[in-house]
Ligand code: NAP
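Okay, here we've got a single chain as structure tokens, the form predicted alone, with questions on binding and movement later.
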Amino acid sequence: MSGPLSDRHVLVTGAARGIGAAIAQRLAADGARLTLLGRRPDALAALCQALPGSGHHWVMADVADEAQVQTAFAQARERQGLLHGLVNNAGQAESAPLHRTSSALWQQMLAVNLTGTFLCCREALPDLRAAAGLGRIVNIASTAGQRGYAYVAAYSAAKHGVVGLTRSLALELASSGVTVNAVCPGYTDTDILRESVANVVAKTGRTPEQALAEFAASNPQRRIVQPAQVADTVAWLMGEGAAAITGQCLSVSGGEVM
């Protein structure tokens, strides 16, 4: 399938649903051949079949497990050739006040959101360096990586870590032609947000509409970000027009972070 990303192999983590699935749809529409990485084989297989173009594949891995990441990337190369791009989208969000944040919750937020990003970046680097100036890494962080929010200290710390990793790795790779950027969505219409709305309803007695409006109120445009809007930003960063953009953290949040 022709397009601005034709003949480029891009691996997307956390691709089975939400923002990851929207990114996969957009990159496939732009001609990329995709490896979808996740932990839900049925959803990954169904998405592969539904994507524009052909030849897409999926691999299973927990991004926080070093051995699984190494195996998944080896499988991706075997099926699709060397990587031209990596989108680190896999993540989890759990909330708790700090005095109720267990060590297990803290470690889980760091493992999935930060360590997983590190492991996948490290595994992709040899391929991206060899991509003749076309190598791209896009890390899906969060506005929680750009500012603080109450009750999500562990998640926010992990996403701040992703921002720091992005900036440091961008400098390491600048002369190689590989770009490294982060996209930082605000509250986005995904299962994670719907779960958060349900928690607010259960704990406060607010209606779902009231709870959703409370989340939207942090966005100066008074709206919830759509996954396709995040995917559009990722697609631009993957393209040749963004070759001079690196080390940046682009906030997709209606002006919440400037």
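Quick note: we count residues from 1 along the sequence shown, nothing fancier. A quick note: this is a predicted structure, and the numbers were derived from the prediction, not measured.
Below, we refer to the form predicted together with this ligand, which is not included among the displayed structures.
- Contact with this ligand in the model of the complex, judged as any non-hydrogen atom within 4.5 angstroms, is confined among 164-172, 184-192, 126-134, 72-80 to 184-192.
- Between this ligand and the residues 211, 231, 61, 28, the one pair within 4.5 Å by heavy atoms in the model of the complex involves 61.
- Although the partner is absent here, residue 19 is a contact residue: one of its heavy atoms lies within 4.5 angstroms of this ligand in the model of the complex.
- Although the partner is absent here, residue 85 sits far enough away that none of its heavy atoms falls within 4.5 Å of this ligand in the model of the complex.
- Taking non-hydrogen atoms only, residue 95 never approaches this ligand to within 4.5 angstroms in the model of the complex.
- Although the partner is absent here, residue 158 sits far enough away that none of its heavy atoms falls within 4.5 Å of this ligand in the model of the complex.
- When contacts are defined as a non-hydrogen atom within 4.5 Å, none of 32, 56 and 179 contacts this ligand in the model of the complex.
- Residues from 140-159 that approach this ligand in the model of the complex with a non-hydrogen atom closer than or equal to 4.5 Å are 140, 141, 142, 155, 159, in the order they occur in the chain.
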